[in-house]
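Before any questions on binding or motion, here is one chain by itself as structure tokens, the form predicted on its own.
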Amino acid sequence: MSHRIFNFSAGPAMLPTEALEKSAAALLDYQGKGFGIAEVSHRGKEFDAVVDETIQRCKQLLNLGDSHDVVFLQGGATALFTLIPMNFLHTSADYLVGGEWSKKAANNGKEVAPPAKINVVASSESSNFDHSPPPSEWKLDPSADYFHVCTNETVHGHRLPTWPKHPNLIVDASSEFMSRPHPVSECALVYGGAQKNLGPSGLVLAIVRKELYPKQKKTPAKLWSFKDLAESKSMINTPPTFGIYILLEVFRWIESKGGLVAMEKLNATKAKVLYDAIDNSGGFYKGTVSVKEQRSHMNVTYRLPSNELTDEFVKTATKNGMVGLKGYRTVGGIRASIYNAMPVEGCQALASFMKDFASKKS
């Protein structure tokens, strides 16, 4: 394509143009074979090679050895909110609630839990999730089966600058997966929906520590068992084959850009451009996160002086080739999602627009 606008959508979101172009070519004709990658059997040699390379590149990016399995699931992170307690909750589990998605995870866990217990170790709901509760407020149970956290809250625009250390840490990393180096080797399970940083909707990437399997409960079907999914190379049923192929192309793209260290540096640069525009606006724009150190590098959230100005901002930005800026339906305001694929130029264009809009409307 000769022209692509800047898509700030929170997900499904902007993907690397190079990965999309290569995926589009493979969709029509895979390796000159006369058929597309979405047309091959998931048990054939072509797709088997795709899965093997995707797993290998995933582990390479995360510096993982043989301690963990890479698993591909259908659905989204919300499905995992149920699958995780279904597999690993025996007596109790700890949940940190810092936003919309961690609250949903805890609530879904409560539906599965009885007679087990879900323990919310801390919550920032009373302040409208304007930050993640600090470790000093956490009331962890040392006997809990696992500790669940969401490291980047997409809706409310804050993150955990450092992932917690816990022997049985389970991480929902959906909106920051592969945006910076992750200590996955220290975690029991890390998962995320692909539709933000990694690929299309409908695909979930999970990294599971093999030591968890002996602790796993019997599930209603093998399809919901992490152990069985890993042993079958995610092929108990037909996996989302084309989604996995796009994931592979995104992994190749990340490696070509220098890996996760390079991604972290790039994302910090992009985030600074937008946060500077907020902080230097004389109060016209107000960030929604109360702890600056927790500001997300993936989802930049802020408000304008009125809902009317917010609507005008979104409409005018769209006319200027910047879409997907409207905040989440339950919180309003503006949310600029700047995942790996968003170029620096996109953030610079938005920052320039913000400055111009504020000068005209303040």
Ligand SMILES: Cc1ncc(COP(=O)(O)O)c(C=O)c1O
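Numbers follow the displayed sequence, beginning with 1. For clarity, every value in this text was computed on a predicted model and none was experimentally measured.
Just so you know, the form predicted in complex with the named molecule exists too; it's not on screen, but the next bit is about it.
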Tell me, which of S124, T288, S234, T154 has a heavy atom within 4.5 angstroms of the named molecule in the predicted bound form? T154
One residue of G259, P164, P133, G76 in contact with the named molecule, assessed in the predicted bound form (non-hydrogen atom, 4.5 angstroms): G76
Of 83 to 91, 212 to 220, 174 to 182, 239 to 247, which is the one stretch near the named molecule in the predicted bound form, taking non-hydrogen atoms within 4.5 angstroms as near? 174 to 182
Using a 4.5 Å heavy atom cut-off, state whether R159 contacts the named molecule in the predicted bound form. no
Check whether L198 has any heavy atom within 4.5 Å of a heavy atom of the named molecule in the predicted bound form, and answer yes or no. no
If we define contact as a non-hydrogen atom of the residue within 4.5 angstroms of the partner, is W101 a contact of the named molecule in the predicted bound form? yes
